[in-house]
Structures are given as structure tokens and as C-alpha cells.
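For reference, the chain that follows is the form predicted on its own, supplied as C-alpha cells.
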């Protein structure tokens, strides 16, 4: 069937790119007769629905469409993802604020780690999770104590925990003795002894050494405190609490094309601004959707585009988009009014009144909708 001829009858009704994609899909599915006509008709309807009128205040509509339902969002901070043992991640209003504020540090960063095809089984997935999850000394001991007679710190090793993270006692001692330190780690049967290098050591010093050693990184990737293995529709994935995307992508078995972080700034750093934009969009829309709120994704797309249009991630706020508007009155109407007006007066700034906010302030016709155009009527002269 000549799909191209069929689609080209829609001259002027669909953009060229949409037409090409439509032809590809029809050829791929080998649609015939009525099926092809239905797809063309549905595509026309969907395209028409997605358009907007010239002069429509899409920024105001997007802001209202997101913020009004957001007032109904729960203030519950955490949501358990993964499985029963769960990874607690920030959800609801606190998470939405994190996304649109482009926070440099987020409360509970997480990662969705996807695995290569040959690692798609439970055993391999758990091995990869063990490689990723950070193991500290506190995770592999059962008891800690201070020997006041010999002035040493002692830790009883948990054999099962050690086996669970694929380590042996010698590896544990080697990890403890890495780097600059004020102690020497020794192995005595099933006990790790921490011997201070300073002979003149007090009980308080021993307590400090004990606390520091218990927090010592032993194995895995720093910053990833949990790694939960889950199976969804036959696909094994790992949900983490904590993120270190650059290092996780280097772990054998991890699929670098699918693995993502929930931190937009980290995505920008590793993959670039387009990936950052997609993360803002995905995380923002998912947060709203998880609360059972129906918000059109195009509103969130506009927010994500605005935050990343300059090639870097900017917050929607006084230190980002709102604080960098070209209009003095628009900046002043948001926050720190006196400072904006004073700075503008000192620098001799001119406000061209091109946007919505500043025209509302001075009670002038807003350049939105019919306000964008000057209508001139020339009546016919009577003879």
C-alpha cells in the first residue's frame, strides 16, 4: 500500500516530521485499509489537541495547572520503593520543591540501575548489588568494645555479613589499613584489634578512634547506602538509596544506556543538559502522578525546557529564572522588591513592558491573547 500518497493528502494539516513518523509506523505495523485511515485520523485529532492559539498565556496556564493540584499533595515525605525491605525516597510536595528549585543536594537521591542481558537473573543481580552497595565496618561486626587494660579497640566479626558482601578477614584488615591513619588494624582469630600508634592515648581518644573506624569504607561505592534488587515483568533491576552515577556506570554488568539518577544536576554532569532536562521532566511528572493527580505532561515539559534552555540547570526562583527576567518590574514583583528597584535605578535600566506581569502592575493592556494585536478599522467612505 502506498502510505506516502495517503498521508500526503493531508497537505498543510500535519508537520513534515509528524508525517514521516506516521508513514514509518504504518509501514512497520503493515496497516491496511480502515486501520490506516483510523491511525491517520487519530493522529490528526491528537496533533490538533496539542496545538495552542497564538498569544495564549501558556506560562501562566502551566504554572496554575501544576501549582493548583500541588496544593492537594500530601506532605508525607517518604515513600518506600523497591520491596518490603524498601528504599525510602522523598515524595510528595517536598520532592516537587526539590525538582523545581534545582537543589544542589537532595534529601534522598536514588538510582535506577539496569543490568545487561547476560546479568538478567537473581544471582547475578544480587552480585552486582553487592558490588555497588557501600559496606562500612559497622555492617560486618556484631560487637565493639574498648580494652582499657591494653588500650586497644576490639570488634567481633560477623562471619555471615562478611560472606554476604563477598569479603574475607584479610581483605577487611587490608581495607582498614589503607590511607593515613592514627592506628594499626590487626587480626586475632575472629576479632579485629585497632592499636593506636600514639603510646600516650586517653580513653576519649580511643572512643574517637572507635567511632571513626566503624564508619570506615570497606567495599562498594561511597554514598550508596542501600541497593535493593527487584524484578518487574521478568526484568531484574537495582534500586539504590544514594547516588554515584559516574562510578556505578563502570561496574561490570550495569547497562550504561539505561541506568539513571534521580538527581538532575548529576545527570547534567555525566550525560549533559538534555539528560538533565529529561530528568526534571520525568521526576516532576512522576511525583505529581504518584499522588493520583492528573496534570498534563506538557505543563511539566514547559517547566523543564525553561529551566534548561540556556544550557545549564536553573531554579525557578529568585536565584534562577525569576531573578534573571529582563523586566525590572517583573523581578521586583517576585521577591526582594527594594533591592531590584534600587539596582535598576543605579544602573539606569529601562523596562520595555513586553510581558504580562509588568503590564498588570501599571494597569495596561496585557500582551496576551487579543491584547497582542492592534485592530484598526477603516470604514468605507460614503460617496
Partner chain sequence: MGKKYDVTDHVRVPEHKVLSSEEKEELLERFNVKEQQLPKIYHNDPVVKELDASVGDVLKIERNSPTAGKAVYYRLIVERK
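Numbering follows the first chain given and starts at 1. Everything quoted here is computed from the prediction, not taken from an experiment.
Beyond the structure shown, there is the form predicted in complex with the partner chain, which is absent from this document and is the topic of what follows.
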Is residue 116 a contact residue for the partner chain in the model of the complex, using a 4.5 Å heavy atom cut-off?
yes
Do residue 282 and the partner chain come within 4.5 Å of each other in the model of the complex, heavy atoms counted?
yes
Just to confirm, residue 190 within 4.5 Å of the partner chain in the model of the complex by heavy atoms?
no
Answer for residue 272 alone: is it within 4.5 Å of the partner chain in the model of the complex, judged on heavy atom distances?
yes
The listed residue (169, 181, 298, 145) that reaches within 4.5 Å of the partner chain in the model of the complex by any heavy atom is 298
Among 161, 249, 173, 195, which has at least one heavy atom within 4.5 Å of the partner chain in the model of the complex?
249
Counting only non-hydrogen atoms, which stretch in 96-104, 227-235, 136-144, 304-312 is within 4.5 Å of the partner chain in the model of the complex?
304-312
Residue by residue through 230-262, tell me which have a non-hydrogen atom within 4.5 angstroms of the partner chain in the model of the complex.
246, 249, 250, 251, 252, 253, 254, 256, 257, 258, 259, 260, 261
Work out the direction of the Cα-Cα change for residue 296 and residue 20 in the model of the complex: closer or farther than in this form? It's 3 angstroms or more.
closer
